[in-house]
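We've got the same protein chain twice here, in two forms, each standing alone as structure tokens: structure 1 and structure 2.
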Structure 1
């Protein structure tokens, strides 16, 4: 039997310490936790930084380092520092060494990095080794070179290499969410279909069970089945909660594409055990003819300034969209007339917070807000132009009337100064795969002492 303990869906989200204690007592073979994803947008990858606070990350990571030491098993994290860039890996490595120094412990640490240089990817693209996924943007060498960070998503093969070093702790750059869970079972002879399926269901910890905020989940591989057990008090896994997780961040409820193949759960059978656990059988792994890893890249798409005003007058609240459209038109014309900027140098948008700000024209619900926040978003090719356009937008958001002849209104700015420069903003610009003859060719592995 192989036992994996998953404390949480991501380091930084917290976990139930009592449930973690129960998991440690069950003597897992590995503790695996994800460090992040693309969920929070391109800025983290673009800047190579973590979304989560260092203080919180350190507390949780120290707890898991202690848990792995007491359980006598390796601790693995994938996509370290939210984005998995080399700088984020180094950030977590620094925290790891700090914890070890403070606790008087030592550890063997395997550091797996996923960074790709723009030059190397541009050459691979020219050689036909980089191919688009569905709905991928058109790319060229210039776009690739503009990326501030590019990472490849490691799979089982790269995590297995890191574990084979005998490391106590594996800190990995960008990986698929599932690879850090599936690697050890596959290395120990577990059927690949079972391993990948269990990893997909368990990737977010107890999200596949009731009381999903508890985090802690145990995965056992027994014969031709895997068994999922949520360890928090009162938490239950059911065939419904488990099978439904195949739809989480996945466009197909039966197929999951990973480096080296595809998981097919069409014939999977989910069986309740004792009301709290679920056993799964029938998963299949179909190897691909070529080996490829997904690429993620981010680049600066502009510079931004935000300005916010609050509307409370009933008439303006009711006509906020008309008011906002008029401001955008008039302010855009003024920018073109007074700054020398061209139309494609900048954009002005006003999002009405409280009125379709999330879904825009797709909103189907109707409400009756007391007030509306008007969030002006200015995006430009330079921060100087963005700030200048923000200042031109300021008086419109403060005093612009609905009609020409009415008394001049005054609205409220919650901040002074009203214009807030956000600096560079980023966009994802790669949704492609990189074909590799050697799975380790795009990755680096180093073992260090801590």
Structure 2
């Protein structure tokens, strides 16, 4: 039997300490937690930083380090620091050492890094080893070279290597959400289909059960089945909650592509055990002919300045779109006339909050709002130009009249200065896989004492 304890869907989201205690008492073989995702946007990978507060991460991570010590098992985190870049791994390593020093403990730490140099990826691209996934953007060498961070998603092979060092703690860079859970069972001889399927269901902790906020989930592999047990008081896993989790953030509910193959759950059977637990059989793993890992890359796509004004006057609320379009046209002309910038050096957009700011042109509903927030978004090739355009936009958002003849209106600015420099904005620019002859070729593994 192999038993994995999953404290929550991500470090930083919190976990139920009582449920975690139950999990420790059940003597797991491994505690596995995910540290990140692309879900919060490209800025984190672009800058190589964590989304979660250091203080919160430290408290939760210290709790898991303590749990692993009590359980006498290793602790592994994948995609450390939200984006899994080398800098984010180092950030968590630093926190780990701080916790060890403060608690008077020591540990053997395996550090797995997933960073790729743009140069190496450009060469691999030229050699035909980088291929697009569905809906991938067009790329070329120059675009690859412009990435501020590129990471490859580690799979079970790389996590297994890290676990094989005998480390007490594994801090991994970008990893598939599932690999940290699937690696140990596969090493111990569990069928790969079961291991990957359990990992996909368990990757968000107790999100596959009722009371999803409780976090803590136990996964047991026994014979030809895996069994899911949510550990929080009153939490239940049912065949419905478990199988429904295959839908979650997954474009295909039956297939999950992972490094080295694809998980197929078409024939999986979900059976209730005593009302709170679920047993699963019948998942299949189909190995691929070549071994490939997914790449993620982010690069700076511009610099932004935002300006916000609030419209409360009924007539302006009713005519906000006309007002905003007129401002964009007049302000754009003024920027071209006064700054020397060319048309493709910048853009000005005004989103009307209360009207269609969420959905833009896709919005079909028409309402009658009390007020409208006019969110001016200036994007430019440099922060200096963006800030300059923001200052040119400011007087329009404060005073622009609907008609020439009326008295000059003044709108509500919620703060001063009204324009805010947002700094660089990033974009994800890779949705590709990198073919590897040796799974470790794109990853580095180091064991350090802490």
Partner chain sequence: MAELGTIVEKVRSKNAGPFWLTVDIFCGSPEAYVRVRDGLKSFDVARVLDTPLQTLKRFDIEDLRVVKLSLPRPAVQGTREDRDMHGAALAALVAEIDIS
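Throughout, rigid core stands for the largest set of C-alpha atoms superposing within 1.5 Å between the two forms. Because the structure is a prediction, the values reported are computed rather than measured. Positions refer to the first chain, counted from 1.
Between the two renderings of this chain, the form predicted in complex with its partner chain is found in structure 2; structure 1 comes from elsewhere. Residue 402 is among the residues whose C-alpha shifts by 2 Å or more between the two structures once the rigid core is aligned.
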